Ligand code: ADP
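Just one chain follows, in the form predicted alone, and it is written as structure tokens.
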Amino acid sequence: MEELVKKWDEILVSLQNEYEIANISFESWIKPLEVFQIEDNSLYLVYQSESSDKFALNYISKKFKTPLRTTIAEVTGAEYEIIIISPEKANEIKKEKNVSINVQEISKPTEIRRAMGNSTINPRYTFDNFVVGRNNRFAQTAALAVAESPGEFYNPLYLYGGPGLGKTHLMQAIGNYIEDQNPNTHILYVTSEEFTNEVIENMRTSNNATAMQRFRDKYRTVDVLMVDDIQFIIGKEATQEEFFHTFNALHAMGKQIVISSDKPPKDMETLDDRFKSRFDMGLMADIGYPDYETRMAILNKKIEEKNFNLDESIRKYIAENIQSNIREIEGALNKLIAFSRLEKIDITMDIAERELQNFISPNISREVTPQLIIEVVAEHFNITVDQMASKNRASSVVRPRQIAMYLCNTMTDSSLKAIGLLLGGRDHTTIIHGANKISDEINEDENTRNLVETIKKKINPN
């Protein structure tokens, strides 16, 4: 299965070329197919599309099942019976079989845990793809030391720095490393607003005592607890109290705690002294702004990952002029990639200067754009921008997409059509529906209100 997933894009391209499938048919019927599982020599493919109805599934099965089976055999050397299912059916199978997987076909214990849905860590963030420079070398070294010996040194590890500098990447790299080395380790990564929302939700339940005990069991029985953006719990008394006791319980048992924030504890004027003293017990590591060499290395790595061609002079132009954070560098690159693919032209220096003026003009405060909002929301929920723009209807993608619709509609002057184009060509009625849904939730639900406010602060910290 691992080999099949790796070769899936190659299989689809080969299928289109060999059977001369028109682009519109390929985009509508073939590209939304995703590998789900292999069982008894049957390959289950999920049709991830907004039109995943019986008609679509029957049509794809009748028209493309044989070409798919033949192409897969040619590329991989293995023959499978093809079964095409809807996302709803895939979810049913997961519930019935607790995600049926062939353990022998998964190379790492960590992958088994992720396939079983037991990991809160995003596999994209690793030490291998973290670009080290003078600005983050100490933080990276400290994080690696914690990953190699959790609970033994630097406990808690407190990472701090401005937005978009790699704190979340390092935290999750720790989790991925520990899971690879010790797959039975119980690791829990949460953002501070997730922690806050759980506190609020459990305090509201009719059986408050039982609910809060379940909450405490969840957080105080882990081996590694990682809390991102801890600054957002300041001022929330109930949340602070629960975190204080959770911290004490875990630290007393020698369990590893990793925390991130946008600033050191001493700069948080309203932070309780008891928190400052506990954070001081471990190690604080600052992630500063990347220098030119680091920015260039990050940009080159992102270009390689996205398989995009960009002239060296344009790379230097971006690295020299965007100095604030990694997120802006990637945002600038994504804008050029989107422009190039939409217009079907190569990027020249003139185009780069024109399209990146909001990122680069030093005397103009950066504009909050739909592109920026989509990138920040995607990063917050640990999904990709491509997933946000895809036809994926999984709740883990739909909800962030609707939040992005709401924020784009309320924080920018962009037209509904422009917002829709950035989110996979969705029409204005879809954007209105998504924005209204989140607006209603904000008025009715404190958890959603806290979540959206947190993301807004990330988009525009000022």
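Quick caveat, the model's predicted, so the values are computed rather than measured. All residue numbers refer to positions in the sequence shown, first residue = 1.
If you look for the form predicted together with adenosine-5'-diphosphate, you will not find it shown, but the lines that follow are about it.
Note on the interface: of 155 to 163, 73 to 81, 190 to 198, 215 to 223, the segment with non-hydrogen atoms within 4.5 angstroms of adenosine-5'-diphosphate in the predicted complex is 155 to 163.
For the marked spot (211, 239 and 447), a heavy atom within 4.5 Å of adenosine-5'-diphosphate in the predicted complex is absent from each of the three residues. At the 4.5 Å threshold, heavy atoms of residue 124 reach adenosine-5'-diphosphate in the predicted complex. The shortest heavy atom separation between residue 326 and adenosine-5'-diphosphate in the predicted complex is within 4.5 Å.
Contact check for residue 298: a non-hydrogen atom falls within 4.5 Å of adenosine-5'-diphosphate in the predicted complex. Among residues of the shown chain, residue 314 is not one whose heavy atoms approach adenosine-5'-diphosphate to within 4.5 Å in the predicted complex. Residue-level contacts in the predicted complex: of 91, 277, 182, 129, one residue has a heavy atom within 4.5 Å of adenosine-5'-diphosphate, and it is 129. A heavy atom within 4.5 Å of adenosine-5'-diphosphate in the predicted complex is found for one listed residue only; from 176, 256, 168, 371, this is 168. Residues of 337 to 357 are not found to place any heavy atom within 4.5 Å of adenosine-5'-diphosphate in the predicted complex.
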